[in-house]
Structure formats: structure tokens, C-alpha cells
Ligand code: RIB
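The data below hold one chain only, encoded as C-alpha cells and taken in the form predicted alone.
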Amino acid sequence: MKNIILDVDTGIDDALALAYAVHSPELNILGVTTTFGNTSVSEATRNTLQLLQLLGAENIPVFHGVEETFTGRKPAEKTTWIHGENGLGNAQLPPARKQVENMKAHDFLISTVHSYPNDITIITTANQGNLARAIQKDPEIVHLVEDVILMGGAVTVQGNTTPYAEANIYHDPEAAKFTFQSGIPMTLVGLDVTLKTLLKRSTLDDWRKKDTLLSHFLANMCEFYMDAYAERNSNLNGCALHDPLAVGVAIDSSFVKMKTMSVHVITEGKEKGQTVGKDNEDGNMKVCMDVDVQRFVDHFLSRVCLDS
């Protein structure tokens, strides 16, 4: 089993990634840290606690991050048009019985990395604020993490928040710049590969036929997401599996083909949040360039909606 921490801003695709991870026996989830982006920190924390409860995994501790960017700015508005008012496509879950932990997210990252030296992978499907604060407070952890698998960036394609920037990087580009330059091992699962994946709308009917609380929740949540995508692209009969692919890479890295590159983040001007890559065998990260789409999607579908 691979020891992991999930770092999320639990909106719809984070929720899919969490369900996929919980149902994957290859992964030992030591904790979940939350941040802003798709939602506020408090909403991401609430959504995570509620979802883990639905998944029968409320024993996994949840730690909340700081409600400001790495440089102390107020976060941008949450993306209600694609994730709904509650971050979960307005699909409802019962209130969580368990409370969030008292320890801050970045302190949990530091503590856990030291408890599992060179035996922990951080899967981050949100902005880089929690990880950046952890490295800033304890730089030693960059030598103790096996890998950081990051859903973020767009090295060879356009962004999805601006023509230049992918959302997770755009939400806190200074944090991303800091982590990219820190020397911590990183694998970038960006729009270069996630946009090639597709969760088909027809899958929602299959989930509803399962007739479980989880299957109905996932179907209702993803229907909102797909409708939002359809408003921008009427030819797209489904939605991309952005965050789940990061979990998939942690489970089986052969889902993707990677290239070692030097990647840096632009933090100012109209190109703010852009991830600029250059081929370099001694570069600072592995960048996913292609994905075995059908094999990954089949694997994801075989697990995400399992009964708890």
C-alpha cells in the first residue's frame, strides 16, 4: 500500500477523486487537507467530512488550511457556475458526525512526512498553499517526500481559467511558484492529459440504476457539472476527470506517459498562473504528456461507485 495525503478544495472532481481513492486498496489515506478554490476552506472541509462519512471512511482525519493565499491575499470568488453553491453541484449530503481536526493543514503535512520519511505521496488537487506553507516552515520535508502528484497546470495546452492558466495554479500562483522551486519531487498531471479523459453522461444512468445513496449522489452531482460544461461546449457529452487522474497516477503510473521538464510559474500580468515548461532531463518535475484514456476510465469506473 502507498501512504498518501490528499490535499483538496472539495468541489465535484475532488469528490470523485476522494471516492476513487477511498475505494482503492493500493492507497492508505493518512489524512485529507483542505483549501480554497472550487469552494471556500470551510465549505471544502464540510464537503470532505460529509463525503468521507458517506463513503464509510469517516475515520480518515480532515485538516483545514488557511483562508488566504500564500502572499496573504483574499482568495478569488469560488466557482459556483461549475461546482454549484455548495461545491457539490448542489447535491445534498447528511451533516457530518465527525469534526475537523484542530491541527492546521500545513502542520499535519509536516508531522506526517516526518512520521513516514521517504514513504509518503501527497496528491494535491487544489492550489499549492498548504504544501507551500509546510515547506516554508520546515524545508527539510522536501527531502522526505516520495512524490507530490499535482493536478494542475497546462504546459502544452491553453488554460481553463484564462487562456494561459489552469484553475489550481491560478488560485495561488505564488504558492505554486514556491513549491515548484523548492526541490520537492513533483509529478504534474495537467490539462495536457486530463482534458483527454471523459466521464460520459450515459454513466449517470448506470449509477442511478445501482440505487444507493452514493450512486444517486454522484449522479446528481455530476449532472450539474456536465450541464455546466455543456454550456461552454455543446458537443461535449460528459465531463473531464481532472482530479481523479491524479489519483489514478498514484495507483498506477503506467496510465500516463511522462517527460522530465523544467517548469516555472508566471505570477504577474495577463499570463499570471501560466506554467511554462522546457524539455530538460535534469528538470524539476515529471510532466504527464499522454494518457491511456480507456484503461484509466475503465479503472476509475470500476471503483468510484462501489458500495461502502
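These numbers come from a predicted model, not from an experiment. Numbering starts at 1 and follows the sequence shown.
The protein also exists as the form predicted in complex with the ligand; that form is not presented, and the subsequent description refers to it.
In the model of the complex, the ligand lies within 4.5 Å of some heavy atom of residue 191. When contacts are judged by a 4.5 Å heavy atom cut-off, residue 167 counts as touching the ligand in the model of the complex. Proximity of residue 151 to the ligand in the model of the complex falls within the 4.5 Å heavy atom cutoff. Using a 4.5 Å cutoff between non-hydrogen atoms, residue 128 does not count as a contact of the ligand in the model of the complex. Note on the partner interface in the model of the complex: the residue among 111, 156, 136, 160 having a heavy atom within 4.5 angstroms of the ligand is 160. Among the residues 34, 38, 275, 47, the one placing a heavy atom within 4.5 Å of the ligand in the model of the complex is 38. The candidate stretches are 54-62, 266-274, 239-247, 24-32, and the one lying within 4.5 Å of the ligand in the model of the complex by heavy atoms is 239-247. Contact residues in stretch 12-42 (any heavy atom within 4.5 Å of the ligand, taken in the model of the complex) are 13, 14, 38.
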